[in-house]
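Quick setup: one chain, the form predicted alone, written in structure tokens, and binding and motion questions come after.
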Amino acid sequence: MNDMRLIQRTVDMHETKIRASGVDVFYGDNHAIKDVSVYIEDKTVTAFIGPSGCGKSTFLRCLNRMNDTIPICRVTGKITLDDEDIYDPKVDPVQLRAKVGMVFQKPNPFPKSIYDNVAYGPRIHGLAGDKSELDEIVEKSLRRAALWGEVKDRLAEPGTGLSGGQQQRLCIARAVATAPEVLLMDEPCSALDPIATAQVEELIDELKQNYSVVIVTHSMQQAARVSQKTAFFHLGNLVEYGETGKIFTNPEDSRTESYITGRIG
């Protein structure tokens, strides 16, 4: 009986952070995402997997309204963050993106110093009262991104001068500097070498203590290593969603099994 109570408490710890209901995405006449409903838990790594062009990145971009920047894109359905509809006209997309940070496929540091890359978001959103508070945010963010030890003596140097793996960790530091609640990562390791990939994967594992992390990845091995939940997309449909171990070892849908075993993709 005690074991059951412990299991229930563990389940309750991971509350739903984002809930999508009946989401459709259109690019002009192209129906890219078809009636997707899914919940994403807090302080959990959720992986989106599937073949190229299956809609996983498109759906990821719905979660912080990045698709708003594409004129021909139309999103219908409902997506809530902490039960607040993120597509409500009252919601400011800029403020939303401070709460739902994003790290892209290719490291894209600003052409500024390492310090200013991280300080950019907190300055825009007025998160620091003075220089010492800003210094503190920059240090904390670089520590969270496991980069502080490597750059603390060169904060005035350009972020673009770092190695690829360091640049990606700088982009992660920049994303966490605005104190987000969710981190979206769109194939964050696809441009990195194996050593840098391992460092970022280790970092993702640590980040889930503080954030809900959603990662799009082409690598099933990566999804299996870093995530607790996995969603499999195919031809714009969410085919299957559940515990990562179960999706990879005992999927319910034959399309998921075909993808996992390499027969489609």
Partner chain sequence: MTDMTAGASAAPKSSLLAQDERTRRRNAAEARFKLYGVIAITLAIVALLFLMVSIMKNGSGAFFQTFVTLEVELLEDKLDKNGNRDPAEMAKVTTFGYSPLIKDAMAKVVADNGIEIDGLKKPEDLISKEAAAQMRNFVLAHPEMVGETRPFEFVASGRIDGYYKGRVTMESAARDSNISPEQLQLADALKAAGALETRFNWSFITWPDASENRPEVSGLGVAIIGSLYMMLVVLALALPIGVAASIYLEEFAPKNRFTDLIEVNISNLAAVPSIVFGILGLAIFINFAGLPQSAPIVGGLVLSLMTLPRIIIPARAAIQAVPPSIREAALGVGASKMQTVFHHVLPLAAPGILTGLIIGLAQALGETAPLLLIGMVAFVREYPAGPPEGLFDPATALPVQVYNWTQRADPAFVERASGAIIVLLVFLMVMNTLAIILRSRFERRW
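Just so it is clear, the structure is predicted and the values come from calculations on it, not from any experiment. Positions refer to the first chain, counted from 1.
What comes next is about the form predicted together with the partner chain, which does not appear here.
Engineer: Let me know the one among R74, R143, K152, H125 whose heavy atoms come within 4.5 Å of the partner chain in the predicted bound form, would you?
Structural biologist: Checking each option against the partner chain in the predicted bound form, the one that comes within 4.5 Å is H125.
Engineer: Report the residue, out of S52, N30, T69, Q221, that has at least one non-hydrogen atom within 4.5 angstroms of the partner chain in the predicted bound form.
Structural biologist: None of the others qualify; the residue that does is T69.
Engineer: Candidate spot R61, V94 and T160, all three in 4.5 Å heavy atom range of the partner chain in the predicted bound form?
Structural biologist: The answer is yes; R61, V94 and T160 each reach the partner chain.
Engineer: Please run the contact check for R174 against the partner chain in the predicted bound form: heavy atoms, 4.5 angstroms, yes or no?
Structural biologist: Yes - in the predicted bound form, heavy atoms of R174 and the partner chain come within 4.5 Å of each other.
Engineer: Does any part of F104 reach within 4.5 Å of the partner chain in the predicted bound form? Heavy atoms only, please.
Structural biologist: It does: once the partner chain is placed as it appears in the predicted bound form, F104 has a heavy atom within 4.5 Å of it.
Engineer: Is A98 close enough to touch the partner chain in the predicted bound form, meaning at least one heavy atom pair within 4.5 Å?
Structural biologist: A98 belongs to the contact set for the partner chain.
Engineer: Look up in the predicted bound form whether P109 has a non-hydrogen atom within 4.5 angstroms of the partner chain, and give yes or no.
Structural biologist: Because a heavy atom of P109 falls inside 4.5 Å of the partner chain in the predicted bound form, the answer is yes.
Engineer: Among 191-199, 134-142, 111-119, 83-91, which stretch has residues with heavy atoms no more than 4.5 Å from the partner chain in the predicted bound form?
Structural biologist: Comparing against the partner chain in the predicted bound form, the contact stretch is 111-119.
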